[in-house]
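In structure tokens, one chain follows: the form predicted on its own.
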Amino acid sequence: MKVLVTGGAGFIGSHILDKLLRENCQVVVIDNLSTGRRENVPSAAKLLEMDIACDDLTELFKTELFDYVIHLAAQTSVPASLNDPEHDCRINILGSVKVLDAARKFGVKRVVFSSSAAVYGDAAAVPIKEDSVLRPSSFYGLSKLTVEQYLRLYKELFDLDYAILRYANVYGERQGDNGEGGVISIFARRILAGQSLSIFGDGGQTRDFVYVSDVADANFLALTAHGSGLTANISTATEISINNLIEVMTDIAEKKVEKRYSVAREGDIYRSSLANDVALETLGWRPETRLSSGLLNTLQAHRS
């Protein structure tokens, strides 16, 4: 099968490329390399330096005739979306519409869209199920939810099939400091250097951290999963507070660091954990990597 991966030079995208190539897929990557890195793309994949909002996108779909699209290209920072809503909208909404329109015009069988726990906002109860109230508290979350609605209409009006994967906080090797799961990358780098850790709020806020190779597996399974119009959380369905995360990471690294607390950031969610029953039942997927193992791999990658 021939798969286009938008944003494939980024953190999550690069691990999806590894999975697709192991499964003998023909892979094309488009990435503007604003945050992605050329060295993240294996030589077996075809990399095109291109923005999803550019006018050449339609011609690319016409020439390549992709079977499937995995759409990751996005602005992924909550604070950045609050500081510059227009930029967030241009990339996450307008860019995504260009991808969807090209996909429906040139016979793509399914679009797998990387969404986010941010679409739920600050939920009253966790773990959050897919049918929970959607009330994003940032423009980033709103932009992801808007693309989800576009996908539903593209299916209803043009019969473009889709799968929406709502990620919890993804972490692992090759991650930068941006995005929702970047706290682990930041902490890993500073813990190994013996530097203090900055914590926004009281550190009691919780997150559901899912390892990147497990996310890559979910994307591959979603390409050909039975059923149509799937929406599934990709998560461990487990909460851990930032304070407890620091304890686990410093224990693994055998380091002691100073913790510095400051005011909570605007738009940040206090408790977040996603139920994953739909993914288990419809994709046959489950998170295989324990947090301690994933953190060990991440810390080792930062050491090297």
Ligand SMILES: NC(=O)c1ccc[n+]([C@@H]2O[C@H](COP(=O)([O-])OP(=O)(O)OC[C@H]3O[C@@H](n4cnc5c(N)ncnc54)[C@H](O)[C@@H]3O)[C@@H](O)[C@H]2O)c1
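None of these values were measured; they are calculated from a predicted model. We number the residues from 1 along the sequence you see.
One more form of this protein exists, namely the form predicted in complex with the named molecule; it is left out here, but the text below deals with it.
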**Prompt:** So, in the predicted bound form, is I252 in contact with the named molecule at a 4.5 angstroms heavy atom limit?
**Reply:** no
- Query: Does at least one non-hydrogen atom of L33 fall within 4.5 angstroms of the named molecule in the predicted bound form?
  - Reply: yes
| field | the named molecule contact at I91 in the predicted bound form, heavy atom, 4.5 Å | value | yes
inquiry  = Using a 4.5 angstroms cut-off on non-hydrogen atoms, would N169 count as touching the named molecule in the predicted bound form?
reply    = yes
Picking from L72, A103, A222, V147, the single residue whose non-hydrogen atoms come within 4.5 angstroms of the named molecule in the predicted bound form is L72
Note: the named molecule not shown here; in the predicted bound form, the stretch from 222 to 230, 74 to 82, 184 to 192, 153 to 161 having heavy atoms within 4.5 Å of it is 74 to 82
- Check all three, I12, S115 and Q175, heavy atom within 4.5 Å of the named molecule in the predicted bound form: yes
Residues in 50 to 70 that come within 4.5 Å of the named molecule in the predicted bound form by at least one heavy atom, in order, are M50, D51, I52, A53
